[in-house]
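Next comes just one chain, in structure tokens: the form predicted on its own.
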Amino acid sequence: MTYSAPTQPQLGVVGWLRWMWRQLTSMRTALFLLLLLALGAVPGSTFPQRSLDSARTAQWIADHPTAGPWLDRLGFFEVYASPWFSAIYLLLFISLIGCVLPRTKILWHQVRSAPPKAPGRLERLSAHTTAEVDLPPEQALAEARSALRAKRYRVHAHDESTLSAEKGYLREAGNLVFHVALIGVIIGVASGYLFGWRGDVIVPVGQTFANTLIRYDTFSPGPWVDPTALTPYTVRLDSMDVTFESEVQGRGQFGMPRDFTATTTFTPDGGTPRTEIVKVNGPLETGNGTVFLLGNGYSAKVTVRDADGTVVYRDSTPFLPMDNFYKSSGAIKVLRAGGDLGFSGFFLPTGTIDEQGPRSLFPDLLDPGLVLTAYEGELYPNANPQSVYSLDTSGMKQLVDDKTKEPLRLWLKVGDTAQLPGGRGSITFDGVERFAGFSIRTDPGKSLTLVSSLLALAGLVASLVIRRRRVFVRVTADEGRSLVSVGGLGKGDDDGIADEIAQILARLPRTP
């Protein structure tokens, strides 16, 4: 007799698809995708993102000519819009959906079905106790039912001598709520990314900001946002009040800001203007975006004239604070025929120059000054994007003093005028005004994300605290009394099941 080798069963297309679905919806895969999502977010916080700061991104790529282009092809500068990050996000979403649906079906059947019949030998359960009670079997069974219900068990009698009880369905419900809430968090974050936007703007005191695209200094819209369809409204900055700690011996550090308050006039589209106070922790709700006060600083009012005295530049230039005493950096860019002019340096609210270099002794306007270096050439070489607060000198040449032949250094107080070398004209420091840094954000998914996060926390706590337990009771007659056997088991590690059974028996009238 000849024997043939066993034939391996073939899965077929449907079988492979079923296997792939089960792998995708397993808990192990979901945890792995969560890990991948966390790892995928690391480049988003490590490398500059083009949607947030295109100038910094372009500069990073230029500074790393070998790695920069490759990282750009891999989407490391647009992580959250990259195909690979979106793939992880969608796979995690599908995995959670596939995990929730069968869990919901199982929980529904468990709640609707009766607890299982008591096993024949209760002593084999993880916890078991037998006691005599001074009651007939029928009454002992009724007392046991009352004791179980007092402990919030769902009780069912499959015959006249046993009871089956179960509780802890909220443990599975909490686990299910946790998974559903994670789906809500994913949907909320995704909707915020797709339909939300963020814009930053610096508004000097006395000026008005209109909610239009061209008025933003930086604007980051979601993929499905139409930047030309922003809800119109205006915000005028009436005053910017800042209080600093001026006492050396006081409650805090010398020069520490005590309060930031922006007094604004908010005018909705077609509405009545109203005064609104904006603080660091008190944003302005516009109805289509929240206006946050992120910072404040100083703008230097500067006038640049050519050799004939004609004004070629007159504007307020914001300088960004660098330390607690508001030593601020900035750049003044003057476009003109025959070579652009660029001034880069520091604004000092209470300025001095000593062995430590130019610095500010206090953050308030006690003795303001400007420290500048001057350049001439092309302000925007190769039309590359750049920050308005820094100067790209790759296409420019630094000006030198006509007398010392050293690089030109300008030290200006309010009202001072400095002549530029080579008959290039002059620059005048006219004055100082405060500005407020506003960030306007719209996130339609934030409410869903918040509620889902709270539900996820509640579900996780419920799944960890609540115990799923089954208790079985068998009553037999014993010479006018009753012998009550109680056995129980808990799902997972449950050291308290024995105490639970003891508490149930303690409610029954025991034989002395």
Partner chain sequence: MTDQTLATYSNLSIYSAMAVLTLAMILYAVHLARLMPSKEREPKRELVPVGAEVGAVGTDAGVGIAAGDSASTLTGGAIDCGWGNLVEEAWVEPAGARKAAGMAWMLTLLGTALVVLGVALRAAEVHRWPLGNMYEFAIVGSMFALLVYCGWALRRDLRWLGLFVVTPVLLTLGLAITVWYTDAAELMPSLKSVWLAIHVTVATLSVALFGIGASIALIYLIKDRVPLTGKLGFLRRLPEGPALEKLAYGLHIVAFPLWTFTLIAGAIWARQAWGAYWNWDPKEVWTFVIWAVYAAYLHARATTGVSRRAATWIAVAGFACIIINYAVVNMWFVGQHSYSGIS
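Throughout, rigid core stands for the largest set of C-alpha atoms superposing within 1.5 Å between the two forms. Values in this document were obtained by computation on a predicted structure and should not be read as measured data. Residue numbers count along the first chain shown, from 1.
From this point on, the text means the form predicted in complex with its partner chain, which you will not see here.
Candidate site formed by M27, F260 and D443: every one of these residues places a non-hydrogen atom within 4.5 angstroms of its partner chain in the predicted complex. You can rule out all but one of 270-278, 336-344, 177-185, 146-154: in the predicted complex, only 177-185 has residues with a heavy atom within 4.5 Å of its partner chain. Put simply, of Y80, F362, F266, W411 only one has a heavy atom within 4.5 Å of its partner chain in the predicted complex, and it is Y80.
For the candidate set L294, A142, M322, V111, a heavy atom within 4.5 Å of its partner chain in the predicted complex is found for exactly one residue, namely L294. Taking the partner from the other structure, its partner chain in the predicted complex has no heavy atom within 4.5 Å of any heavy atom of V432. Using a 4.5 angstroms threshold between heavy atoms, S45 counts as touching its partner chain in the predicted complex.
Under a 4.5 angstroms non-hydrogen atom cutoff, its partner chain in the predicted complex lacks R236 among its neighbouring residues. Taking the partner from elsewhere, E245 is found to have a heavy atom lying within 4.5 Å of its partner chain in the predicted complex. Scanning 433-467 for heavy atoms within 4.5 Å of its partner chain in the predicted complex gives R441, D443, K446, T449, L450, S453, L454, L457, L460, V461, L464 in sequence order.
The two forms, fitted on the rigid core, differ between the shown form and the other one by less than 2 Å at the CA of T476. Once both forms are fitted on their rigid core, the CA atom of V155 lies less than 2 Å apart between the shown form and the other one. Core-superposed comparison between the shown form and the other one: the CA of M322 exceeds or equals a 2 Å shift.
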